[in-house]
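First come two forms of one protein chain, each written alone as structure tokens, so that there is a structure 1 and a structure 2.
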Structure 1
């Protein structure tokens, strides 16, 4: 699928969470045979993201665990602060990446 920057970041974090939780999920009884393959897919995806954006993602992840979070009903699901209406309208439409003024996480509008 053709993805924009925001979607690539979403996929990257989905992958990172999967890698991070792989051990816990394995303990529940799921077979984990493709760990190395998944790591490779992660590196390949990261290479497709612009350097400054990737660094920002890595910094936020190191500091806040989740670098990018969903926004629903204009609420940042990282810190539960309501986003200003002006930002919400643009966040839905623009390709630009917006951050939550309160927690600093990058935002992905769900609705």
Structure 2
């Protein structure tokens, strides 16, 4: 099954968070294995994402820990504000990436 841009972004964010945690563990003096594999997987995945979308993700990631967050019960789980109903109906189709009007994060819907 082919991944769409939204799935790739979520996977990229997961890799970024794992890399960040590995950096923090290494700073504490613990030996880390698999760091190079994480970096390589991130680079390969980033090459599969369209450039404008990747740069948007990178800009958000620079200022927020999580650039893409789920929406549950029409509430953005980044800033915890309710999303407009019209946005929720279109967002569930996963054909377009929407942004929270309040915090600016990219959104995906959980059912």
Partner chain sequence: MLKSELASHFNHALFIPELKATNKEAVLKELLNLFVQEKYIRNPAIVLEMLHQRETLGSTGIGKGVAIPHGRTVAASDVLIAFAKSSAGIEFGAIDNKPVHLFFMVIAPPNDEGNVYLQILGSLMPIFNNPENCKRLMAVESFEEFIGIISGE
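In this text, the rigid core denotes the largest set of C-alpha atoms whose superposition between the two forms falls within 1.5 Å. Numbering follows the first chain given and starts at 1. Remember, it's a predicted structure, so these values are computed and weren't measured experimentally.
Enquirer: When you get a sec, tell me if the form predicted alone is 1 or 2.
Expert: Looking at both, the form predicted alone is number 2.
Enquirer: Answer yes if the Cα of residue 23 shifts by 2 angstroms or more between the two structures on a rigid-core superposition, and no otherwise.
Expert: Yes; that C-alpha moves by at least 2 Å between the two structures.
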